[in-house]
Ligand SMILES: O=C(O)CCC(=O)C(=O)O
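Just one chain is shown here, as C-alpha cells, and it is the form predicted alone.
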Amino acid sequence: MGKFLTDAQIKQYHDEGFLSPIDVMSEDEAIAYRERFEEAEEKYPEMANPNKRNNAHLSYKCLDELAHHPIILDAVEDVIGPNFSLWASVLFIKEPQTSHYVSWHQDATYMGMNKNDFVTPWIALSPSNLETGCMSMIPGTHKNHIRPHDDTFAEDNILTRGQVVRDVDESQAVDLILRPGQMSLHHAEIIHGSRQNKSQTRRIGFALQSFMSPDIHQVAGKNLWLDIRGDNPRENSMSLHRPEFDLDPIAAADRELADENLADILYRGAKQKRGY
C-alpha cells in the first residue's frame, strides 16, 4: 500500500503506463483554482498564452501550489519513490471550438534525459472529456521504449514540433475522462494524444512534466530543477525558486532561464522553431 494509491493502482500504472482518474480535490476546490488562474492570466497575460505556456508555476502562485499539492506528491511518490524534483510544467489550454489537437507522441522523445522512467501528473481545472478533447493513451506502449517520431510542424498541432508516431493502433486507445479536481498520471514513454475541443467551454489542463528521481539528469542542456521532496543531489545542477507571490521577480528570473533552456532542448536539431 502506498501513501495514497492502492497496490492495485500502483500495479496498473506500471503495467499500463498510466492511471486515471485520480481524485485530488473537490470540484469546487478545482473551480477556485481555475478562477485564481484566470484572474492572474487576465492580469498578466504575457505570462500565460500559447507562446508562453511552459513553467507558469514559476510565475503564478496558484500553479505553484498545485505543483506542491500533497495528494499529487504522495501519488508521485507511490510510483517513483520518495526523492524527486520537478523538471517543468505545461499549460494545455484548448479554447472553445478550436481545431488544435495533440498528435500521438511520447513525452520523453526530445527531453534529453539519461533515462526515461519518470511521471507526469495532468490536472484537470475544467471538464476533460470526449467533447472538450481529453487525452487518450495506448496501454502498455511505455514498455517498448521510444519509437521514431516525424516532425510535422502542422499548424493546428500544439506540440512543439508537431511530432507524431506513425502506425498507432488507435483501436487500443483509452480515453481519460476527468472532472475538475481529478488528475491522471502517465509514464514518459507512453504513446498518447488528444483531439480538438468541440465544446463551448475552455479545456484547461495543467501538466507537471515531469517529476524525476535524482538518478535522472539532463544530458542535453542545463540541469535546472525545482526540488520538491526528499534528497535530490545532481552534479552541475541549479535549484530554481518557488514564487512567493504572482510574478515574484526571483522566480520570474528563474523562469526566463528555464524557458530558454527548455526551448533549446526541445528544438535541438529541428528544422524550424515555433513559439511554443
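In this text, residue numbers run from 1 along the sequence as written. As the structure is a prediction and not an experimental result, all values here were calculated from the model.
This next part talks about the form predicted together with the named molecule, which is not shown.
- Taking 72, 138, 176, 102 one by one, only a single residue has any non-hydrogen atom within 4.5 Å of the named molecule in the model of the complex, and it is 102.
- Listed residues 56, 207, 30, 226 were compared with the named molecule in the model of the complex; 207 is the one with a heavy atom within 4.5 Å.
- Contact between residue 78 and the named molecule in the model of the complex is not found at the 4.5 Å heavy atom cutoff.
- Heavy atoms of residue 163 never reach within 4.5 Å of the named molecule in the model of the complex, leaving it off the interface.
- Taking non-hydrogen atoms only, residue 182 never approaches the named molecule to within 4.5 angstroms in the model of the complex.
- The shortest heavy atom separation between residue 92 and the named molecule in the model of the complex is within 4.5 Å.
- Shown alone, this chain has one stretch from 142-150, 168-176, 103-111, 80-88 that lies within 4.5 Å of the named molecule in the model of the complex by heavy atoms: 103-111.
- Residues from 176-211 that approach the named molecule in the model of the complex with a non-hydrogen atom closer than or equal to 4.5 Å are 186, 192, 194, 203, 207, 209, in the order they occur in the chain.
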